[in-house]
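One chain is shown next in structure tokens, namely the form predicted on its own.
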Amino acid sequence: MPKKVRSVFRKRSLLLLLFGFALGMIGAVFAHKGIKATSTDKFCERCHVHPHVFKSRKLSSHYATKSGMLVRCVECHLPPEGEGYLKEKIRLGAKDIYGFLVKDSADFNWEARRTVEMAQHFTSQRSCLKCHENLFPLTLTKEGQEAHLYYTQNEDELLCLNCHIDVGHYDPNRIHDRNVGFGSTTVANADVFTVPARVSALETFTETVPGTTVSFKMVAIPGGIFRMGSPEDEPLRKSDEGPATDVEISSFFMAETEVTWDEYLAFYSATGAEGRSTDTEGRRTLDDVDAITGPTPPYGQPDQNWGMGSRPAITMSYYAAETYCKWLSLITGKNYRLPTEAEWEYAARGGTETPYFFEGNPKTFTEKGFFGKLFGKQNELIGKYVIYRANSMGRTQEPDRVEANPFGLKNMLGNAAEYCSDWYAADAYSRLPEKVKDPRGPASGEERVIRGGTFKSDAALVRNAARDKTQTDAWLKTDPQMPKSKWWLSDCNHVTFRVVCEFDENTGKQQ
């Protein structure tokens, strides 16, 4: 190449390089300005049109900080700059724009989204730790020190959100402390029952709990033989549901509904460790009942602020459920207890042998898989009988929302899962002898059986034969107390229990 040509080529190359560099610098400047412009709180408000979000933010400790520093939306909802900030901004931005253009925010259940399960997908743990580098400031309380020490020992399992979910969006109903006022109610003396129900035959009756205003329906369940577990060809079946086995069950009574908050609070008021209540005349006559020590005050609000009344009592431990049954037995003179797994499934089936006690294929109802997401929600038959993920609005519901099964029991398959007395074992059914009567499960184990789906469950998990187990450690993961409560569960809001009453010589005994 001639020298003159090379010289021209070099000049042009240099000019192109300088031009490209200039364009890159200009692009970088504008890109930086664009990122900054789209990271302001005002810009966030353009897509996030639900006004309660901004109202709750301005009331939060992260808006009106003691130091006067203002925390912006992106500083919580995006990771720190240089740690995947841009990638996450693009991901969430695309999601927000799509939702703004295609969806109606009025259709969203915003309360159900204010949970740790949901919030962890839209907040950054790394951003929390970048600002809060010192987890043990001098102003931290003893309880806070213990909680933060526990966090440092379990960083792989815990999130800041587990305890501090409302620091960015204030919730006046959230209690993050020992709830000493929980369950304090006053009742008129005229409404208090003085004797329990009299029962002399296997007939449905209404139990009346002496010294309380509480009554509840106990349904007579006639004994019989049924096929426990699911056949191998049942859709969405799991391996621990078999082999299906013929089981004989004796007659018993079972509560029409899961234990309600009204029922559980009567127990809490009568036995709670902070002091037991009496009626307006001070009547306490059962020494054995007085000897039962009930729950200590919970940490936080056990009902999740969803409401109490006839909703199922949740967040209590297996130990608390057993103690409740003991108290109920002593105060009524009957033998109340938790159902065995066999009794539970027999009652749930109500004489049927299909996946549900009503007609329907689990594959039709499920939201799992591509076709399930498209068509699973469209079948309303299951919603007639079951409170589950598609119709629960993210919380438990009152029993009257659903119709009863053939035995007259409500919410056996949904709303909240229920404790059974059996120890859990994946191979429990294979251990059963042929033609067994009233089995009570393995002699020992580490976790207990829970049966029935929940308000969080897909249709696949609300089948008659679906099984699950307690998760003791996981359900107490964020309890900040030392030692952890044996009465209340800090990380489980979907399990309750239902009582059964034995049909025996004590059934009709009066106090």
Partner chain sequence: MANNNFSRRKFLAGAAAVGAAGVAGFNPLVSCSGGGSQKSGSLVTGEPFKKVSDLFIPPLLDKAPDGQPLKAGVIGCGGRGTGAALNWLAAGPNLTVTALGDVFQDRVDSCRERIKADFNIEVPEENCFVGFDNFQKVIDSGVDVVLLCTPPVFRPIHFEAAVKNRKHVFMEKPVAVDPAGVRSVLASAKMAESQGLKVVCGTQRRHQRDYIEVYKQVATGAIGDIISANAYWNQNKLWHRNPQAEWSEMECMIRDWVNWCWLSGDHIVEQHVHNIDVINWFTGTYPTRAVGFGSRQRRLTGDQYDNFSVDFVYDNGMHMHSMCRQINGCAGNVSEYIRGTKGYTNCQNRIYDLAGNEIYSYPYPLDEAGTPMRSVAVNPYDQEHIDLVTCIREDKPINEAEATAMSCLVAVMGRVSAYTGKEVTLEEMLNSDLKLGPETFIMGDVGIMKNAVVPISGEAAN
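Not measured: the values here are computed from a predicted model. Numbering follows the first chain given and starts at 1.
Absent from the display: the form predicted together with its partner chain. The rest refers to it.
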For this session: Find out whether any non-hydrogen atom of Pro483 is located within 4.5 angstroms of its partner chain in the predicted complex, and reply yes or no.
Result: yes
Exercise. With the partner left out of view, is Leu140 within 4.5 angstroms of its partner chain in the predicted complex by any non-hydrogen atom?
Worked result: yes
Exercise. Is there a heavy atom of Leu149 no more than 4.5 Å from a heavy atom of its partner chain in the predicted complex?
Worked result: yes
Exercise. Would Glu157 count as touching its partner chain in the predicted complex under a 4.5 Å heavy atom rule?
Worked result: yes
Problem set entry | Proximity to its partner chain in the predicted complex, single hit among Asn173, Ser200, Gln153, Ser239 (heavy atom within 4.5 Å) | Gln153
For this session: State the residue from Ser430, Thr194, Asn109, Asn134 whose non-hydrogen atoms include one within 4.5 Å of its partner chain in the predicted complex.
Result: Asn134
Exercise. Which of these stretches, 382-390, 140-148, 97-105, 346-354, has heavy atoms within 4.5 Å of its partner chain in the predicted complex?
Worked result: 140-148
